[in-house]
Each structure stands twice: as C-alpha cells, then as structure tokens.
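Quick setup: one chain, the form predicted on its own, written in structure tokens, and binding and motion questions come after.
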Amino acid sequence: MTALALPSQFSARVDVNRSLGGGYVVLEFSGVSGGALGEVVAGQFVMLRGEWGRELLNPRAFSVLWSEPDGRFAVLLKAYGQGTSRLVASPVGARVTVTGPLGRGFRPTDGAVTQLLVAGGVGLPPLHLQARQASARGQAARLELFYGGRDRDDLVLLGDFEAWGVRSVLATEDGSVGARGFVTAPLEQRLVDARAAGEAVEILSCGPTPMLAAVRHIGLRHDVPTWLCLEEEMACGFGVCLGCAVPVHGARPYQYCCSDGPVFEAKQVRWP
C-alpha cells in the first residue's frame, strides 16, 4: 500500500451535480490548486464540508472517484444524513472545503495477478478508480468487477467498466440484474475456479461492513490475499479525533481507519 504526502486543505467549486438514479449522485469539482489530488491512490479519500456556517456538522469522508492533474476530481455519494443530504443538494457553483488526500490505498495491479474488485453500494469509488488507473496502464484485462446491490438502481457507472474492458459479474438481492442474491456467491465460485486452474488472484473490496465481513471470511477460507477498504465514521480524517478505531492483530490492538487505513489486509483485521 502507498501513502501520499501529508494532506492539504483547500476550497473547491461544484462544477457538475449529476444524478445516477436510485439516490446516487456524482459531484464533480474544480479549483484544486497545485495538483493536490492529481496522483490519488485508489482507496484514498477526502473530507468535504459545505458552506454550513457555524452549524455543528462535521465534514464527511468520501473516496475519490476520479481525479485529474488540472485540479478536477469527483466523488460518488448518496444522502444518509444531514451532511450528505446537503452535499447531494449542492448547486453548481457552490463552494466546499476539501481536506486530502487522506489515508492509504490499494496497491496497483502488477499484471501478474488477477484482481477481483468486490463492490457494494457507495463502496464502488475506490474500485472504479483502481480500474480507471489500470485501464490507463493497459492492464484492465487483469481486473474483474463483482458488484452487488439490493436492486438495479444500486448498480451504477457500469458503462465505465465496460468501456475500460473490465469484465463485470453482477448480483442483486431481487434478481433484477445479474444473479439473484449476494455478490459473494459468484465471488466464491470464481475462487474455486481459480484454484482449479492454478490462477493467481487477489481480492480488493469496499462496501457495507456486513459485505466486507463476508468477503473477509471467503478470502481467508480460500487463502487468497484480500484487501478491505473499510467504512467508518470519521470526524477529522487524519488521526486526531481517534473516532474510527479498527480492531487489529499485532502489538497495537487498534489502528485508525483514517490514518492507518482505510485499506487493511483481511487477516490483519480482528473481526469474529
């Protein structure tokens, strides 16, 4: 895993507020000076806070969906509370305060191992960026997307993966798209097939904690290198508030999602 330099704080402008349906929105920003987010590692995140005055609302953490050296970047979000609801409603021209890049991300594919990208809901962005960067290096064929949701509205930005040449395996709980059920079922079958073929694979996953817990168990059971991009509530984003502790194995019983993660190796995380 790779970490970038210490984060900076800056103001950015909302250029695009694009609804994807199902409550999902992509916000595109510009105005980031000095290319601060131009070399973001997939899995790193930013803290965003709108012009909310003195109201006691903390900034919200979002994985970077994509970024460009010219200061543009984007995030994917869905309204869950006051902060995210206000960000979803941001008009073009609104200003936000951005802190980042933050955290440690996934390692890039080296072309020798097939990376299985396992996503659920708003956990898609780190894996979207991983695929985008792999495509730019001509290595998209070494990635496969396993993407699950409740229904078809939970599966967004699929056209990007198709354009990059990344094979997608889909699952929905209602069976409206792909296999019926959880995406962990086709993932496990893929690992069985990989073992039978002697294929080297690894898992990169981001999504709701119950899904990550299931992916962790599957990865450990099949003895496949597995990396989890965890979702935890954060107030600061860089290890000051100590509110995002993650139980881990080792000399330190806890590490912090924002500064030590959010990407952790599955065998490192001390979950039941």
Partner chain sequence: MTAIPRTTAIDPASVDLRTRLGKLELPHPILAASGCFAYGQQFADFMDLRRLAGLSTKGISPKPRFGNPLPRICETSSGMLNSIGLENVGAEAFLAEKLPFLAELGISVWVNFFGEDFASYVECARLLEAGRGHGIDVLEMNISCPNIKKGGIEFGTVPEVAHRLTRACVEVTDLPIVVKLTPNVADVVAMADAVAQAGAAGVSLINTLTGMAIDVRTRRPRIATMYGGLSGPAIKPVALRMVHQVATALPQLPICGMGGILGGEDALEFIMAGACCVQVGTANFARPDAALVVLDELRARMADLGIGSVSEVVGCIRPLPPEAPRVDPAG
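Numbering follows the first chain given and starts at 1. Since the model is a prediction, treat every value here as computed from it, not as a measurement.
Heads up, the form predicted together with the partner chain isn't pictured, but that's what we're talking about next.
The partner chain contact at P225 in the predicted bound form, heavy atom, 4.5 Å: P225: no contact with the partner chain in the predicted bound form.
Contact of A12 with the partner chain in the predicted bound form (heavy atom, 4.5 Å): Outside the cut-off, so no.
Proximity of L27 to the partner chain in the predicted bound form, heavy atoms at 4.5 Å: Because no heavy atom of L27 falls inside 4.5 Å of the partner chain in the predicted bound form, the answer is no.
Heavy atom of A36 within 4.5 Å of the partner chain in the predicted bound form: A36: no contact with the partner chain in the predicted bound form.
Answer range among 199-207, 232-240, 63-71, 36-44 for contact with the partner chain, defined in the predicted bound form as heavy atoms within 4.5 Å: Of the stretches listed, the one contacting the partner is 232-240.
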